[in-house]
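Coming up, as structure tokens: structure 1 and structure 2, two forms of one and the same protein chain.
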Structure 1
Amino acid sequence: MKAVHVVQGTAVPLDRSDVDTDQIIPSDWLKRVERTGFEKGLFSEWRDGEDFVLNDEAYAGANILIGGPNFGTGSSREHAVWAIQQYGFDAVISPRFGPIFKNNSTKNGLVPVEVSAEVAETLMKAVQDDPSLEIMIDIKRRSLEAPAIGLEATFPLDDSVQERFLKGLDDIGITLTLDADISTFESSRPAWMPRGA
């Protein structure tokens, strides 16, 4: 995965609570064998409605998604994260995330920014009023800012997750940082034991 230090841009205000993974990417899309093309399925059952926020040209090109409380609840499917990323979002802001969705996000490079309900509501309203509002998410500082409205907040991010983002490490990348130790261990194993390739 690519390193993420700062996410800066505009946002889409998805003013709905309890958005589950089946609403993010309906189960019909889980039959795909490829890991691409999921952006077409993002909120596909809602996108048929003309008034759905992703259909509003005012939010075209936004790279941050603002959701209501309990975003990403429901079943475990990485496809939900893939769909959000492939649509063009680099971060999701919410007062609360489903734990499995949040974990899947951090392992795939999608930044889950968990803020207080008050901060989320303020930001949601501000973006609804002004779709061009610039937002900056700083991974190193664990901060969220919208300077035009004087909003500054921090968000929790485990040290190990912060390191994942800053260094661009997925699970395989983390394992590869231990390559020398693995090689040393493998070279010292008795000959009769199985060996890695």
Structure 2
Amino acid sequence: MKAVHVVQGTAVPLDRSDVDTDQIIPSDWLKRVERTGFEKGLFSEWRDGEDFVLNDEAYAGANILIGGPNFGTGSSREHAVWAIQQYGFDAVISPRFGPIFKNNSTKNGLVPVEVSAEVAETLMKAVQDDPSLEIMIDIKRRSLEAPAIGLEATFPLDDSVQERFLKGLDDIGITLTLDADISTFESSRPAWMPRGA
């Protein structure tokens, strides 16, 4: 994956809780065998409604998505992350993420910014009031800032995940350096364990 150090820009306020991955990318889109072309499917059922925030010109060009709590719950489909990124978002801010979505995000360089409910709400309102509000997310400092409203917050990111973001590392490559450990473990597995069919 590509290295990510800072995400800077404006945000779209998606003010609802429990945005599950079926909403992010409906199952019809999962039939594709490619890894690209999912941007058209992003929130496709909601985007038909004129009032949907993604259709609001004021938010055109935004590269950060702000969601309510439990963002990305449900299905494990990594297509949800691909769709969000391919549409043009580099980070998602939420008070709480679905665990598989969050993990998938970190494998693709989409920054999951988990902040307190208060910070998320403050930011949501501020962006609703001023769509041009500048937001800066710094991976190294694990920080979220919106200087115009005096907002500063930090977010959790495991050391190893942070390092992968900063260096753009390939997970599989890292694991394959432990090949000898894997072989040692394999030699200790009981012979009766299933070998499929």
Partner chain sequence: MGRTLSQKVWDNHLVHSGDGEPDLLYIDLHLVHEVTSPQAFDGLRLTGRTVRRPELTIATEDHNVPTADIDKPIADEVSRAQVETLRKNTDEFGITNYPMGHPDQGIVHVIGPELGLTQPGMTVVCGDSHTSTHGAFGALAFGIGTSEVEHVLATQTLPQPAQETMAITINGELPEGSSAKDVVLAVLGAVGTGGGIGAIAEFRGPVIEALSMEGRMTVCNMSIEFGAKAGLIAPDQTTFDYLAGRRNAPTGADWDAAVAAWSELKTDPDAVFDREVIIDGKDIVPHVTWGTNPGQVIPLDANIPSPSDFSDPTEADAANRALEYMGFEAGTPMKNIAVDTVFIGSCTNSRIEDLRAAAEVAKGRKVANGMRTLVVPGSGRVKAQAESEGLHEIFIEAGFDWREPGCSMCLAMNPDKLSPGERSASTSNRNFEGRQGRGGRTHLVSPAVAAATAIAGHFATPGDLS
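Here, residue number means position along structure 1's sequence, counting from 1. Basically, rigid core = biggest C-alpha set you can superpose within 1.5 Å across the two forms. Since we're looking at a predicted model, the values are computed, not measured.
Comparing the two isolated copies of the chain, the second one is the form predicted in complex with its partner chain. Here residue 15 does not count as shifted, since its C-alpha moves by less than 2 Å between the two structures after the core is aligned. Relative to the superposed rigid core, the position of the CA of residue 60 differs between the two structures by less than 2 Å. In a rigid-core overlay of the protein, residue 148 has its C-alpha displaced by under 2 Å between the two structures. In the core-superposed comparison between the two structures, the CA atom of residue 188 travels 19.9 Å. Core-based superposition between the two structures puts the Cα shift at residue 175 at 4.5 Å.
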